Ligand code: SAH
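Read the single chain below, which is given as structure tokens and is the form predicted on its own.
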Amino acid sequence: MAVKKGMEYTGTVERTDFPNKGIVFVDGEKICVKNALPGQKIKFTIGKVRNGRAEGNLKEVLEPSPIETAEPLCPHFGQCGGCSYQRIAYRDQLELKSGQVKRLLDNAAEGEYEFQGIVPSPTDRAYRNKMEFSFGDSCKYGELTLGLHKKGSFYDILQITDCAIVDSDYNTIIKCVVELAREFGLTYAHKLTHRGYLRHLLIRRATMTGEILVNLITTSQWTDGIITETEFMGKLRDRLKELNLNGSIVGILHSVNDDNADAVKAERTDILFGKDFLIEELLGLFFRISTFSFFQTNSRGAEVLYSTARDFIGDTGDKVIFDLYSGTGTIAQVLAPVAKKVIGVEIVAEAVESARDNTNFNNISNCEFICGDVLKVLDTIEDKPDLIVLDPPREGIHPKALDKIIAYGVDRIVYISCNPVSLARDLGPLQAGGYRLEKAKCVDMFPQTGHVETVVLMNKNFSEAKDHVQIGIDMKGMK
């Protein structure tokens, strides 16, 4: 390639591939520049050239994209590293994401399939039911802050006052916690020295029920002599309970994490008030969600996502369904009332425990959840599936696990994907195994960002299914 690392160029972004990869051509050579939008004129430097592929680092937007017509929802836009689509009208966000997914699927699909476009989120703001905030400072030796990482920075934390993708209760709680910490001169845990006390604040708020969990995560290094740690936690509990909120706090927790990695987790958790879970409602079912357990972050969007998956699955009467990568068993419990049996497999033990608790909570008796790696667990299950639902993590499915899934030879496989790139990759082995992509639909779970969920139906008897679709189309034309 003629382009070399460190060289600076200007160019116009021709398109954006998932996720947020702006495509620019320089003297006929393709350059991928992250966080660039189609139509923007940008200045960038070449950061990496490898195996005939070049990646650029965005330096400056010289001219905005024609689709950047909206006023940002959030006062932190541009400084915060998230919600990069805020200057794009929501209808244009949907079109952009839908086009990205369709290009991937068009390139991966063998033969024709039905692309059903994208379903919008029921709301494009205040939709998240979980957020993780970090303690730090906005500049070296600056005032204690509590919020999100500044754009492009690993260390600097932007004080959040009015995040647009969460309920205002989050902003009220953040303000309360950081003001109390400043009042008593508490320090944050430094990433380099591993000294300090405050690490993260995790807030969950159930969209449907309004129940709120607040979890303060610290190290065990309490060094402040003004008051004791126990006294501080008591003041935190009392201040939070006094807040005037839209929802209601049902649990206040304190977790200790001394791991050097900057991950939000706990080695120990104490309940300061209430309980260590909240209740959320989804499609008429109720779910107990603990502070660290996985649950779709957009509750109303999850109802759309799982309804779409249920429609794609079709008839489930008297059938055994495998729900692989089942998480807390949400889709399994949605399908259970109209299935003979649902078997969920999930590697995260806490998620499996939550799934079992929730089936008991919802009086569902035909769900079984197994903890373990799908690759290994499939060899131990005596039941044979009639249908398979796949909802893997972002990296997709292990090739050997995919071989075992294909070997069951079920008529229908529904794949729910949070990463269309790994979905497109996994379509290759599925199609080689005799499956054909029948239809696909996107569901927007993450407005104002570049992320999207995709649901696809793979059919073993594709020719019959296609004939059935054609008959339906013909009958519509006769009406």
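Keep in mind that what you see is a predicted model, and the values were worked out from it rather than measured. Numbers follow the displayed sequence, beginning with 1.
Absent from the display: the form predicted in complex with the named molecule. The rest refers to it.
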item: Partner contact for Ser354 in the predicted complex: the named molecule, 4.5 angstroms, heavy atom; value: no
item: Non-hydrogen atom contact Ile347 with the named molecule in the predicted complex at 4.5 angstroms; value: yes
item: Distance check, Gln296 to the named molecule in the predicted complex, heavy atom within 4.5 Å; value: yes
item: Pro393: touches the named molecule in the predicted complex, heavy atom cutoff 4.5 angstroms; value: yes
item: Partner-contacting position among Leu144, Leu402, Val374, Leu216 - heavy atom within 4.5 Å of the named molecule in the predicted complex; value: Val374
item: Residue among Val101, Ile331, Leu278, Ile321 with a heavy atom within 4.5 Å of the named molecule in the predicted complex; value: Ile331
item: Segment that reaches the named molecule in the predicted complex - one of 194-202, 354-362, 69-77, 385-393, heavy atoms within 4.5 Å; value: 385-393
item: Residues from 306-340 in contact with the named molecule (non-hydrogen atom within 4.5 Å) in the predicted complex; value: Tyr306, Tyr325, Ser326, Gly327, Thr330, Ile331
